[in-house]
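Starting off, we have a lone chain in the form predicted alone, written out as structure tokens.
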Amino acid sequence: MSGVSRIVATGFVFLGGWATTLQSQEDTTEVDRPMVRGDMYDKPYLAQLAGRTAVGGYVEFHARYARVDGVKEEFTFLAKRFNLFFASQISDFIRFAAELEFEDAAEEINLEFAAVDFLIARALAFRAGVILVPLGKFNLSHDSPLNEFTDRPLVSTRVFGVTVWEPGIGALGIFPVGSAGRITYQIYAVNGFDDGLITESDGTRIPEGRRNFEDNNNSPSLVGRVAWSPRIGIELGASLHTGPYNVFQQDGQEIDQKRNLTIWVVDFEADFRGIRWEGEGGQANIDVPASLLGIYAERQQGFYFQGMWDFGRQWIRTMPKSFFSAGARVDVLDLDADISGDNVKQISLGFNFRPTGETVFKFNYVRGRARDRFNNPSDFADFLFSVATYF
């Protein structure tokens, strides 16, 4: 039996759907529908899987022109990302996938995902390894060729820490609801964040606590996401990540008060009247040491909301799969919810051309205002061009 046939026959489709990325909703059935659109088992290269292992990836290049308070701040070209994907069908019920990221011309190299899945039933699979944690949908589906804007949402990157990958173990699965609906879940025990979120900067910055590759406090965090989808094209999800971030015991002795970081996120997507709507928002609550109260943020929050309209299919006769997209995204970020300042509000306008569903040329204009902790405003405007493609 061939690799693809074996996958379909043994149920690998029910937790991932091999290679349905960027299909139209009309072309996707409930059987091959991915658990999360664009996740590790929903990549174009998997359509070519004919043996035990497949290799693919994506690349992304930027051109940026930025002005702050009317003064040129940046004009640069950037080799932003080169990511490699690996997937292997080890047996009928064991699979492995990995993602290796080279960012900013290989200045930073990260293993974003490397996990083994053991499939028991549609409702239950076990996963262990370096896990792309289900902290909102965007963390699970952040590939540049899939997303419509050059820059990732502010709340996802600067509050939730996207992308977040952690060593851990847990379970995931799908429960059908009615004829076309379903409930999906993922839940894991992971290392969690470390105290770099307050020690590596002059304020609370959650992304600085992501590199907790060996649990600093021997006390795992819990992370999970539950999503309800009544039909293809509509989904509502809720996520939670909670656990201690500091070292509070040493050699069995309590040396500090246990301090927790808790992040909750809600996300949605919906196709309505030809427009693809999506968004994500949430809040982080941080137990800050008493000596830093009033200086470091105890609450951070924000959201993004966007809509995209596809048009112009087959306008270019020599590219029958090509189409255009236009839309806008609103970002609201508050890095300290207890004061008036330390926030950003911006709107992004986007116009994209896709020669195929797997390749995109993005043209973005971003306009916004940032305020420092003393509530002093600073206006900015960015012109962005980027190209991204799967391979």
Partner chain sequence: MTVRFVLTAFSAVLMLAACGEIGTEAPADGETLDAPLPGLTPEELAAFLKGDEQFGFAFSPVLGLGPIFNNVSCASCHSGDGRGRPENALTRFSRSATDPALDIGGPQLQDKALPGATPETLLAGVLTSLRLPPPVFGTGLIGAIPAASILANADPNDQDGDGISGRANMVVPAAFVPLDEPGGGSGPQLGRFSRKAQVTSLLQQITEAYHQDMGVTSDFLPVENVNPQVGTPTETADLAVDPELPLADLRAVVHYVRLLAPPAPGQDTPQRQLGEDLFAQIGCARCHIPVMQTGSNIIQALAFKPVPLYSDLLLHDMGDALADNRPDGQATGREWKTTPLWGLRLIRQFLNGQAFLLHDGSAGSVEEAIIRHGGEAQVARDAFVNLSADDRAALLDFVESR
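Note that the coordinates shown come from a computational prediction; the quantities given were computed from them, not determined experimentally. Residue numbers count along the first chain shown, from 1.
Form predicted together with its partner chain: not shown, discussed below.
Worksheet item: Using a 4.5 Å heavy atom cut-off, which stretch among 225 to 233, 127 to 135, 178 to 186, 68 to 76 contacts its partner chain in the predicted complex?
Response: Going through the listed ranges, the match is 68 to 76.
Worksheet item: Quick one: does R313 come within 4.5 Å of its partner chain in the predicted complex, counting heavy atoms only?
Response: Output for R313 is no: heavy atoms all beyond 4.5 Å of its partner chain.
Worksheet item: Should K80 be classed as touching its partner chain in the predicted complex when contacts are defined as heavy atoms within 4.5 Å?
Response: Result no; K80 lies far from its partner chain in the predicted complex.
Worksheet item: Quick one: is E107 in contact with its partner chain in the predicted complex, heavy atoms, 4.5 Å cut-off?
Response: No.
Discussion item. When the contact criterion is heavy atoms within 4.5 Å, does G56 count as touching its partner chain in the predicted complex?
Written reply: No, G56 stays farther than 4.5 Å from its partner chain in the predicted complex.
Worksheet item: Just one of E200, D271, D92, D215 has a heavy atom within 4.5 Å of its partner chain in the predicted complex. Which one?
Response: Comparing distances to its partner chain in the predicted complex, the residue within 4.5 Å is E200.
Worksheet item: Which of F118, F86, W264, Y296 has a heavy atom within 4.5 Å of its partner chain in the predicted complex?
Response: Result of the distance check: Y296.
Discussion item. For a quick check, can you give me the residues of 345 to 382 that have a heavy atom within 4.5 Å of its partner chain in the predicted complex?
Written reply: Read in sequence order, the residues that approach its partner chain (within 4.5 Å, in the predicted complex) are L349, Y365, R367, R371, R373, F374, N375, N376, D379, F380, A381.
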